[in-house]
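The chain below stands alone, shown as structure tokens; this is the form predicted on its own.
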């Protein structure tokens, strides 16, 4: 190679090295016309107003129609309803993938359901049942929780339509539920702290927080796992936001920080959100969420 050619090649290489890398162009965000709500019993609105699942009262996928109005059922102004009111895109569909008792191990399967439904907007409110176990040893490790949530997010990344939005909400601060114990009654008759004692027989969930045998140190240990899982969710959303230009990822820690009062808790089971609690979840998450400006 001639000296002149080598000099030219060197200058060309230097010039190319100095050219700034062009970031990938972000896909256009889809209108949230097909919402898929993943999660656990909170998103199913278990015992919000009536026993068992109350889907019309879900913070994410709740709805109001002729029948709910006829029977005077709650209107929680869910994300699904707000999309209808504020955005009103065509081709609307509303899927609730959440199941009572689900934990992070179930998230990959629910994510695949969201993919099957070609969701344009996926809400993720998962992890309460990871924190709420019968025994402390049953709480997943950080590595297990991260692997489960990553597997679900990876399915969403590879399977959702280009431009879809994934909104991950922090796990509720379950310690705050315990703090409300002496203010709560079930069915207006039964002291909730007495009901929570059934955790000793594994007949009520969340012995890791609500068992009467727990010390304050025990409860703070459980709360620490709650916080650690939220930190993992936040870090995963940051990672996927930076690595995937074809989808939109959002995280809010606002629900962990939210103060709840006795009227926000189900009068049926002293554990799940009431219609007022579901409405608060919807309001808080929407106002800091991906479509708040619409």
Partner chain sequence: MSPSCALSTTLGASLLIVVGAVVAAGQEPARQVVATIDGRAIHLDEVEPRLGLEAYRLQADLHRLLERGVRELVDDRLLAREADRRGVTVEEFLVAEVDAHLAQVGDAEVDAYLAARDRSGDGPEVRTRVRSYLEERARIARRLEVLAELRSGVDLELLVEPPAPPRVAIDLAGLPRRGADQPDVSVVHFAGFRCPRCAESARWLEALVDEHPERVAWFHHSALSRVDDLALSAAELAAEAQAAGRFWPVHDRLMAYEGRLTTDDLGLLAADAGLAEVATPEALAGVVASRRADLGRELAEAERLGVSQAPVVFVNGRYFHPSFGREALEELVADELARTAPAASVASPAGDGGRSESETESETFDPPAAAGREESHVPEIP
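None of the values given here were measured: they were computed from a predicted structure. Numbering follows the first chain given and starts at 1.
The protein also exists as the form predicted in complex with the partner chain; that form is not presented, and the subsequent description refers to it.
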Under a 4.5 Å heavy atom criterion, is residue 201 part of the interface with the partner chain in the predicted complex?
no
Close approach of residue 231 to the partner chain in the predicted complex, 4.5 Å, heavy atom
no
Does residue 176 make contact with the partner chain in the predicted complex, using a 4.5 Å heavy atom cut-off?
yes
Tell me, yes or no, whether residue 72 is in contact with the partner chain in the predicted complex, where a contact means a heavy atom of each within 4.5 Å.
yes
Heavy atoms within 4.5 Å of the partner chain in the predicted complex: which stretch among 83 to 91, 118 to 126, 156 to 164, 215 to 223?
215 to 223
For the three residues 103, 151 and 236, verify that every one has a non-hydrogen atom within 4.5 Å of the partner chain in the predicted complex; reply yes or no.
no
Within 241 to 279, the residues having any heavy atom within 4.5 Å of the partner chain in the predicted complex are 259, 260, 261, 262, 263, 267, 268, 276
Residue 263 and residue 189, C-alpha gap in the predicted complex relative to this structure (3 Å or more):
closer
Between the shown chain and the other structure, the Cα gap of residue 260 to residue 189 differs by 3 Å or more. Is it closer or farther in the predicted complex?
closer
